[in-house]
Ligand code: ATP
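The chain below stands alone and is given in structure tokens; this is the form predicted alone.
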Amino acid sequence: MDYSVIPVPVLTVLDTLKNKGFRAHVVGGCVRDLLLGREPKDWDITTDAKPDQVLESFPDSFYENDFGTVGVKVEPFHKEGRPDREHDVIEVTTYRAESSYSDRRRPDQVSFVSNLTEDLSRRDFTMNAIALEVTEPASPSGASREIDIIDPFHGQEDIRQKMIRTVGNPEQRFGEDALRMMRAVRLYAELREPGTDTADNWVIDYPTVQAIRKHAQLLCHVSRERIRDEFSRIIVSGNPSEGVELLRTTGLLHDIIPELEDGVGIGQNLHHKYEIYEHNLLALRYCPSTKLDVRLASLLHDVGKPRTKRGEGYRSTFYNHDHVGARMTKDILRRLRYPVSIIERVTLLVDNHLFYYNVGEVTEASVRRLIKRVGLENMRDLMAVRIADRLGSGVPKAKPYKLRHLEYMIDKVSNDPVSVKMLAIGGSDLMNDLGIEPGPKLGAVLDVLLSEVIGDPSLNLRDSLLARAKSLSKEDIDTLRERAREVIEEKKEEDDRDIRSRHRVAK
């Protein structure tokens, strides 16, 4: 591995510590990502320097915890950060050992150690227990630097074998920090390659899976916020449905969204070939959006069905499951401490996912009412949930003709139609400046002006329009109307053809 893959600010922090006589290594998830060929989002350094020594080494740093982690402010270098930010932070943590986890989340006692291997032994998974040491430059130019990999728990081999495995005894690791069980599932969902055979894909090794099943109930000791963050990363991963299913089969889902489990084994009616839980899972899998709120809505869109089911077999019904599901969704997301903005958007999408639309039956007025109820800014996301619902039902087409026609109607009614509102003047200008009385002639003059601006947009200037209007006001009203009608109607037809063409719908 070439040292140039490590950003200059990280190298600077490493060199500063080493120049003061300390050992320092890049460690954790950033090393894993480098070995996987992914760009790290965060950079962490571990060192034998104590926190006060790190603070002395970096004047622009802060220490706000009891775990030996100092935040060192550096020049912005993260590609995903805000362009206007003043600095980025590199976390520098003293080698440490941990003991006794009475809350199943944080160590009761932290002690600083001088041995790197002992520090790595407390980490969660072998792939995260690898350290990199950058050698000192052979010259002031920095040439001939190399990277040494310290891997006492064979994390590189597990990466090659695509194996997620704990460092040491998995029951001990999960007993120390119950959130690690969700982290294992999250890594599984993020790393698995869609469409690749299981035999050559990422897996969690058997003892680790068994330990998760055995200790799943310990998740109740973890804060909802921490669970929410890991769950969200599973939902926006490349394999969200596989991640949720693994949460269920290991028993973790019962502590997160037990309402989803109510759909396991519950059949539907003639419109669905899958049971409720399986359908929700497939809707998540086929959701065309990568947005968290849209994927959450796809997963939860039918969460209300088990509580509203009446009857059995192909004729069973689920009346009002959309509204019941919306209320359940709000309760679920509140319980997981999601932000209000996320809760409101997901609830809105679940509540409206059954919107009715049939070509020839639904009018422009009803489409406007749908837009008013949902919000134009949410219509694309609502369509994505509808597509996820369809594909999750086993239908061959994600977007049938009637959905394309709905998109055409939305586009049509939400864009400003051809009207006198496009003009640089209005009726009040004609009345105030030219003394034209309110009535048919006023409307006719505006229509003629509009027809002429359609033909030549450069005419849409206030002074020019007023001068032209003065001339038109002396002509016969019927002549004015006939002159304008054909041009305006032709423009409306042209715009409509363009919109239909974009959405591939016939007239």
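A quick note: this is a predicted structure, and the numbers were derived from the prediction, not measured. We number the residues from 1 along the sequence you see.
There is another form of this protein, the form predicted in complex with adenosine-5'-triphosphate (ATP), and it is not shown here; the text below is about that form.
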Looking at adenosine-5'-triphosphate (ATP) in the predicted bound form, do all three of Lys41, Asp44 and Arg186 come within 4.5 Å of it through at least one heavy atom?
yes
Candidate from His215, His272, Arg228, Arg122 lying within 4.5 Å of adenosine-5'-triphosphate (ATP) in the predicted bound form - any heavy atom:
Arg122
Counting non-hydrogen atoms within 4.5 angstroms of adenosine-5'-triphosphate (ATP) in the predicted bound form, say which of Glu245, Asp177, Glu278, Glu133 makes the cut.
Asp177
Out of 50 to 58, 28 to 36, 453 to 461, 473 to 481, where are the residues with a heavy atom within 4.5 Å of adenosine-5'-triphosphate (ATP) in the predicted bound form?
28 to 36
Do Asn239 and adenosine-5'-triphosphate (ATP) share at least one heavy atom pair within 4.5 Å in the predicted bound form?
no
Does any part of His353 reach within 4.5 Å of adenosine-5'-triphosphate (ATP) in the predicted bound form? Heavy atoms only, please.
no
Please tell me whether any heavy atom belonging to Gln268 falls inside 4.5 Å of a heavy atom of adenosine-5'-triphosphate (ATP), as the geometry stands in the predicted bound form.
no
Contact test in the predicted bound form: Lys330 vs adenosine-5'-triphosphate (ATP), heavy atoms, 4.5 Å:
no
If you look in the predicted bound form, which residues in 427 to 441 sit within 4.5 Å of adenosine-5'-triphosphate (ATP) (heavy atoms)?
none
